[in-house]
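Let's start with one chain on its own, the form predicted alone, as structure tokens.
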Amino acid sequence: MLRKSLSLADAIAETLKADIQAGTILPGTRLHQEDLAKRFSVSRVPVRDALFKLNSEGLVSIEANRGAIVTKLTPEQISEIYDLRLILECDALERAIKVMTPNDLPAVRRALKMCRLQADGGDWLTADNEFHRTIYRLSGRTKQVEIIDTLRASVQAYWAQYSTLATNESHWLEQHDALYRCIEQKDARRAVKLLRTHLIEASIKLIS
């Protein structure tokens, strides 16, 4: 269902993005404007604009004479994305810890609690993203957080197809708990070390 508060193009893009990240639309799938226009009961104009929006976010590739295709990443590209995430996320985490106050901790705790609630069959990926985003936002680096969001979104479709995702949630929850304790103690050095391990392990599992 399209959100009425958004423009048609933005609403279509949001819906398609959710489908891609949930694995409902797989990497490599060709997106036909005519079919999407029928699905959403709109003309091809907002569909075209939605696809260009997804293209700008790296979720869709628009090729001459071939139309739009859901981006399919090679292992090398996934590795590069995680290399960039390591740089940007560790930096955002360190900056956030340096400036955060005790008043910031309840929001992080709520995000952590949501991860626990969504484990074992819930929407783990969304909860995991929100936990990290809640922390990084505290850095005050708005553009950096936007880039991180884009990088995380670009590999989420692959996590949705990862057959053993649920079996690893307890391990990642333990890492989140440990990360929160470091944040609470304002131990930036150990927090960054934990986050690096968290991301490296994730990249290895995904690429393998």
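Residues carry their position along the shown sequence, with the first being 1. Rigid core: the largest C-alpha set superposing within 1.5 Å between the two forms. Keep in mind that what you see is a predicted model, and the values were worked out from it rather than measured.
The same protein also has a form predicted in complex with the DNA, omitted here; what follows describes it.
Q.
Only one of 53 to 61, 145 to 153, 176 to 184, 29 to 37 has heavy atoms within 4.5 Å of the DNA in the predicted bound form; I'd like to know which.
A. Only one stretch passes the 4.5 Å heavy-atom test: 29 to 37.
Q: Would you kindly say which of 188, 25, 194, 9 lies with a heavy atom within 4.5 Å of the DNA in the predicted bound form?
A: Answer to the contact question: 9.
Q) Is the gap between residue 48 and the DNA in the predicted bound form 4.5 Å or less for some heavy atom pair? A) Within the cut-off, so yes.
Q: Answer for residue 70 alone: is it within 4.5 Å of the DNA in the predicted bound form, judged on heavy atom distances?
A: Although the DNA is absent here, residue 70 would stay clear of it in the predicted bound form, with no heavy atoms inside 4.5 Å.
Q | Partner proximity in the predicted bound form: residue 43 to the DNA, non-hydrogen atom cutoff 4.5 Å | A | Answer yes; at least one heavy atom of residue 43 falls within 4.5 Å of the DNA in the predicted bound form.
Q. After superposition on the rigid core, does the Cα atom of residue 66 shift by at least 2 Å between this form and the one not shown?
A. After core superposition, the C-alpha of residue 66 moves 2 Å or more between this form and the one not shown.
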